[in-house]
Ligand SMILES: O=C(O)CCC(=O)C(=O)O
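One chain comes next, on its own, written as structure tokens: the form predicted alone.
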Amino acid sequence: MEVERVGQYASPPSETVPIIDLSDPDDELVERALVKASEEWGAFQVVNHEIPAEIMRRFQDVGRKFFELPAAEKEAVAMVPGSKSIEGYDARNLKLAKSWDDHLLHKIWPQSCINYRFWPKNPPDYREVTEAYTRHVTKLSEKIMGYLSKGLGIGREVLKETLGGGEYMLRINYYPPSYDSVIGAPAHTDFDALALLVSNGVAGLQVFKDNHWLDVEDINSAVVVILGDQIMRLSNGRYKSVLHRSIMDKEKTRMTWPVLIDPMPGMVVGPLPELIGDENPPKFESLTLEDYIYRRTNMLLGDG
């Protein structure tokens, strides 16, 4: 397999993904900062987000311990061959993989969508810790969607309601050290609405802006928010779905814990009626996530 390496685009030192303090008492200032970052970047970091540091530490600790287990124990929650489900543990295949990571993927919210078959039983506190983190990360995502809804001039709950409340999926990515500057996850936008990501402190996330790949600064206890295709479509293109990628470190293992938020199955997503009209026609088709993924994958979208 041909190895994809870091290209010629340099990261201008003066540019950085916006960092937004959610504890600022000026609610309108926070809203404006989130909206500006979503329009110009499609990504930002939030600090003072009310996820307790101890829960974040334990959440990352159980994920790290899982990936340190022998292969046979990790395979106990492996993806089911031939299944349409994408849940479970998957080890990279260097001959076939498009991404250079091992990963574990499973749904975490709402309760009705969870299949504990794909939740590790080892470490033994994995479920307890992951459920505690889930309670906090769902509150944070709803807070962010509320700001983004208000920024569009619509009700605070509209984005959340249009997603049907949202289906939350946890993906734990494990990137071992690489001998060279290799692309761990190639450039892509997310099919999802939002991703809320934390890392183990090893930098590697990059976003594309103004014809440059820009490094996302690693900030202890910050949560990186990445806007995906569904938010872009709901906003009729006002909010950006950001192109991003992951770079592997030459000496250290890099781990990330993105929580991906999808529309609930069967929910139709397209430009919100409040945002379109004769002077602002819809730029995107209205589709379920399943139909959208199929059409995008097969280059059948009529957007544009």
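Everything quoted here is computed from the prediction, not taken from an experiment. We number the residues from 1 along the sequence you see.
FYI, the form predicted together with the ligand isn't displayed, but the following is about it.
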Does at least one non-hydrogen atom of Q60 fall within 4.5 angstroms of the ligand in the predicted complex? no
Is S235 near the ligand? Define near as a heavy atom within 4.5 Å, in the predicted complex. no
Since only the chain is shown here, I'm wondering whether P258 would be in contact with the ligand in the predicted complex (any heavy atom pair within 4.5 Å). yes
May I ask you to state whether N173 is within 4.5 Å of the ligand in the predicted complex, using heavy atom distances? yes
Interface check vs the ligand in the predicted complex: of L104, L227, L148, L205, the one with a heavy atom inside 4.5 Å is L205
Only one of R127, R117, H188, R135 has a non-hydrogen atom within 4.5 angstroms of the ligand in the predicted complex; which is it? H188
The stretch from 238 to 246, 22 to 30, 64 to 72, 48 to 56 that lies within 4.5 Å of the ligand in the predicted complex, judged by heavy atoms, is 238 to 246
